[in-house]
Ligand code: KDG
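Only one chain is given next, in structure tokens, and it is the form predicted on its own.
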């Protein structure tokens, strides 16, 4: 009896191992993508991630499950990128500013007033220039998939309506911890104050800072009008999001699943841009009901553009003058 039971156990174990090997050989191994973002679940970024999830899970017949986490539940942008590098998280979608410390060329997107229109940005991002930048991420253990959109950053404050750089003089403006952003606001006459996004609302509420700069969607969805009375459509920086995946996870996906993930990334990219632009236009109109919103004239915007030109010279060596020239030339092609 003992020998019989031992034989049954051995056969069961062998059968299980053979089944598992057969599953792997037939490409039926299952995968989970843990995807985290910084914005909340009302954002175009999150809605686009839901679309990505739906497409991937449907087209992979359930072989890939996508788990979504919003509102920085898995950490801030930098922490989530580092988790991708360690293989502890599969996907995130940061703006380009936190990427620049890892890949300096991504600093090109922090140059103020670089893209005259969102369509100009699309043209560059979807070109060879944009793809080459995504490919650079492989050097730090990350696979860059596509560019989504964060949008144009705009100024809000609790002091006065801003129409010229003179109106910004001495104003304490919260920025990301990004040297180029700091220098740009200094050039415009402000007193830039870097701090984590999670600390921003209370800092504005307590008067630690006078203002901040973010896309309309962030301003509206994070309830900034409760502590800020004025807004200006400076549009001083166009900020893309980069949908990225851990290189180690990507390399472990079968080719057919890689194709499914990439297809979902492209479809969600196009959806994201359309959705984000529509939402931001709607948010700006809603903000007019609760804030004084200044829409700059061409001459007024030109004053801001002129003030920040020294930033281009200062960071040409960091970003690469050739890259800056290539982007400017590409925009001129349209």
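Since we're looking at a predicted model, the values are computed, not measured. Positions refer to the first chain, counted from 1.
Another form, the form predicted together with this ligand, is not on view; read the next lines as being about it.
A residue is said to contact a partner when one of its heavy atoms sits within 4.5 Å of a partner heavy atom; residue 272 fails this definition for this ligand in the predicted bound form, lying far away.
Although the partner is absent here, residue 153 is a contact residue: one of its heavy atoms lies within 4.5 angstroms of this ligand in the predicted bound form. Residue 210 falls outside the set of residues with a heavy atom inside 4.5 Å of this ligand in the predicted bound form. Contact check for residue 93: a heavy atom falls within 4.5 Å of this ligand in the predicted bound form. Looking at this ligand in the predicted bound form, residues 174, 214 and 241 each place a heavy atom within 4.5 Å of it. The stretch from 52-60, 292-300, 37-45, 264-272 that comes within 4.5 Å of this ligand in the predicted bound form, counting heavy atoms only, is 37-45. Only one of 249, 123, 230, 197 comes within 4.5 Å of this ligand in the predicted bound form through a heavy atom, and that residue is 197.
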